[in-house]
Each structure stands twice: as structure tokens, then as C-alpha cells.
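Only one chain comes next, encoded as C-alpha cells, the form predicted alone.
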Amino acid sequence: MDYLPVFLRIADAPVLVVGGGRVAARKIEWLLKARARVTVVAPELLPELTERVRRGELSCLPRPFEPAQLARVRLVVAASDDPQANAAVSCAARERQIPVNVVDSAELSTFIFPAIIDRSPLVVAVSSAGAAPVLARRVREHIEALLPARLGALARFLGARRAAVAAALGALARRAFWERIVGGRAASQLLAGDEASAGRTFAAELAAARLAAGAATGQAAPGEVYLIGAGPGDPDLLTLRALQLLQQADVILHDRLVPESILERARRDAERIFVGKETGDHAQQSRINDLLVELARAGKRVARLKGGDPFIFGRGGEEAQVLAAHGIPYRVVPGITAALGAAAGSGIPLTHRRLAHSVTFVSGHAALEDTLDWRALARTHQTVVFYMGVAQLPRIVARLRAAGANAELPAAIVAQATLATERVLRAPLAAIATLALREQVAAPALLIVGEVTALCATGALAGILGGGGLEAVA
């Protein structure tokens, strides 16, 4: 991060702007909105700036810049069309340790103007650290389109009631209350322009929250658990609901399949607890279950963040059973399971009208047991995806071959699906384990078996429909 995002209070502070052209006028507009006392240094001004001087909105020094003009100035903007003059302003400001922005010159600036979305008192700033201002403006446009015009009115409405909420509720109950209000009926009424109804709804919600939180007895507000699927690894594949709950959670329990890039999207002050299981540690799940119950009973909102989907080989069903047995409220947020992420990233369709009429997800650990119908898994015109199967690859291949699967049946291994380190290996079934060993494939990785895995090996169906063999592709 090249710049620390901050918001400066410059109301009634003296600010100097060097330059009287169109660019300077745009900067002056924002400075005046922040109620700064602006002085413009320029031999000539745009007519609109001259009019502002006449109305007393800003002052003007109609002469070239001089370092002495920086006396008692809190902020400086150099926006003239003379690069040498702008450089002189930057040098003089830096010598005096005054924050300075030189328009279109990040190297001469100690601060920059972001692309701004103004819903005062709510303000959103977007910056590319000067590297791509057009991109920053495009991002601002996308965000601005999502934000209601009356969002500032909602912020003022909530701000006026902060003291009443603080007096009525404890810290844990307070945060939960505000989140319900922001996403609930009172906010909708306010955004629709009905402030009177919003006020009545707010008062009723606060009274109910005071009772639920046990304010009179000091009891903790009841907690809850979110069983969240984090998807296959790419943070952009998180669902909107997952992001919302990650921002609400007080505690996050995560495993090793959840990358740091996803954890960074959680609330900054949320407690993080790593609960990844080591191979053979069968007691860890019991400890996780106990921790979920303990934290929720303490009034915490707990996010149990799992790679993929919590109900597909994520043991989310077991955790839900435990929570229900203890009367702990919970919500399940589906995630993009690893098979779907791997299929999308590698271009392998899991079903295909001509080649695969069904898809089956199988735990690779089941290869150690006799609980699977291997004959059914070896049939043609289907796709079989083995999760957690890297360590059992030779055994899986042997079981499929013994059940009748063709040695030339196309297969693929997708490792680190959807991440920048994603790898896709393709080979006939009989050769896939050898290829994986040679390429030193490590978990997390999926084995996909079926005719569809050949579709992207050559970019055509000829390798399958024409009867040709598949070459191993690393």
C-alpha cells in the first residue's frame, strides 16, 4: 500500500491552490465542499473562479507563486500548467512539511485526491495510488451506481440516534442492532423518504433489542453461527451473502484451505482462530464443535469459514447437528464447491449433452474402504470427481480399472483451482497417477474422470469421438 487512506478535517483551515485554470477549479470545488478557507495564487483566473472571489467564497493572490505564501497554510495544491512552477511549489511545501498535491505528478505529491463518491456524511474514496486514475474513476462509477442517493440522509438519521442506542445496549448487542437496522425496514423507509415512519420503526426495534439483550440483567445477547462456504480459493468467487456475514462476525474459525486474501475481507477487528485439521487428528472436529457452542453461548457471532461448500465434504452437516442439539441458531451460506471451481478454471464441463449425463462427487478417503459402488463409478457417459484423492490416486485408478473402466478413459487433475498457481494435468486414466507423481502434485487437488476432461485438451471433440488417445498435458 503506497498511501495511507485518511480523511482530513480542513474546515476553516487555510489552503493554498496554485493555478487558476480548469484543473485548479475542480480541486477548489472539493476543498470548498470540505469548508476550507481557500486562497488561489494565479496571475489569471477562470471567469467562474473570479466570480467566486467576488462572492467572497475564496481569496486570490494575482501573482506568481512565492514560498512565503505558505506561511500558516495547512494544505497545498499545485495545479498550474507550468511544470517548473508546480515543482517549486512541491519543494517549498516539503521543506515546510506541509502536505502537497501536484496534479498529475504522484512523485511530487505527498497526498493525492481520490475519486470521490459524496453521500455526506458518508463519503467513499477510491484510489489507484496515481497509477491508473481512469480505472479509479471507473470503479467509482460502479460503486456510485450501487449507492442510493439518500444514503447520506440515512447516515445522519443513524448518527442522531447513536447516543440513545449506546445508553440502551451493551457492545455486542449494539453492533447486532445496528446491522439489523441498516439492513432492515427502518433503513428502507428512510431511503424512501419517509423519515417519520423510519423513526417509529427504529424506536420499536430499539425497545425489542433492549429486552432481547437482557439489558436490565446484564446478560449477553444470544450469539449465532454462520456456516460459510469460502469457495475454491479465489476471493472474487465469494458470494455476496458470505461477504456480508464475514463483515458481521465477531470470531472467524477457518481452516487451511481458506487463503489470506479471503480472510482479509472479514471485519478488521474480528478474532481469527485457525482450526485446521492435521492428518489423522480425528479429535479436532469434536474440539471445533465445542468451540462453536462455547463462543455462541458467550453471545458471539461466529463464522465457521470452510473452503468450498460447507455441506460438500466440509462436515458442515455434523456441525449443524451439534448446533441444533444445543439450541444455537445458525445459518448456512453455500459456497462454490471445489469441483465447480476446478471445472470452470480448466474449461472442463462436468456434464455434456453427448458425453456426460450425470456427475458424481466422491471423497478420495472412501477409496480406503469398501463403501463405494466402483462398478457404477466406472461406467461411461458420466463424470466422477474425487475430492481429497491425491494421496490415494494409485488405489483409485486400480479400483476403477478393476471395475471395468477403460485404460484410455480421459482423466484430469486440477490443483489449486481458481488460484494464480492453478495447474491442470490431463492423461488417460491408466497414466494419470504416474503423471501426478512426476509433476509432484500436492493437495488441494481434484481428480476428474470422464470423457468431458478431453474437451479442452485439443479444443475439439476429435480426441474423444474419433477414438484417438490423449497426450499428457502439464
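Counting begins at 1, following the sequence as shown. Keep in mind that this is a model prediction, so the values were computed, not measured.
Here the subject shifts to the form predicted in complex with S-adenosyl-L-homocysteine (SAH), a form of this protein not shown in this document.
Undergrad: Exactly one residue in F313, F157, F177, F202 has a non-hydrogen atom within 4.5 Å of S-adenosyl-L-homocysteine (SAH) in the predicted complex; which is it?
TA: Exactly one listed residue reaches within 4.5 Å, namely F313.
Undergrad: Tell me, which of L58, L435, A405, A415 has a heavy atom within 4.5 angstroms of S-adenosyl-L-homocysteine (SAH) in the predicted complex?
TA: That would be A415.
Undergrad: Tell me, please, which stretch of 86-94, 117-125, 300-308, 189-197 lies within 4.5 angstroms of S-adenosyl-L-homocysteine (SAH) in the predicted complex when heavy atoms are compared?
TA: After filtering at 4.5 Å, what remains is 300-308.
Undergrad: Please tell me whether any heavy atom belonging to L257 falls inside 4.5 Å of a heavy atom of S-adenosyl-L-homocysteine (SAH), as the geometry stands in the predicted complex.
TA: Yes, L257 is a contact residue.
Undergrad: Hey, in the predicted complex, is A209 touching S-adenosyl-L-homocysteine (SAH), heavy atoms inside 4.5 Å?
TA: Flag for A209 set to no.
Undergrad: I'd like to know whether Y226 contacts S-adenosyl-L-homocysteine (SAH) in the predicted complex, with contact meaning heavy atoms within 4.5 angstroms.
TA: Outside the cut-off, so no.
Undergrad: Is A445 near S-adenosyl-L-homocysteine (SAH)? Define near as a heavy atom within 4.5 Å, in the predicted complex.
TA: Residue-level check for A445: yes, a contact with S-adenosyl-L-homocysteine (SAH).
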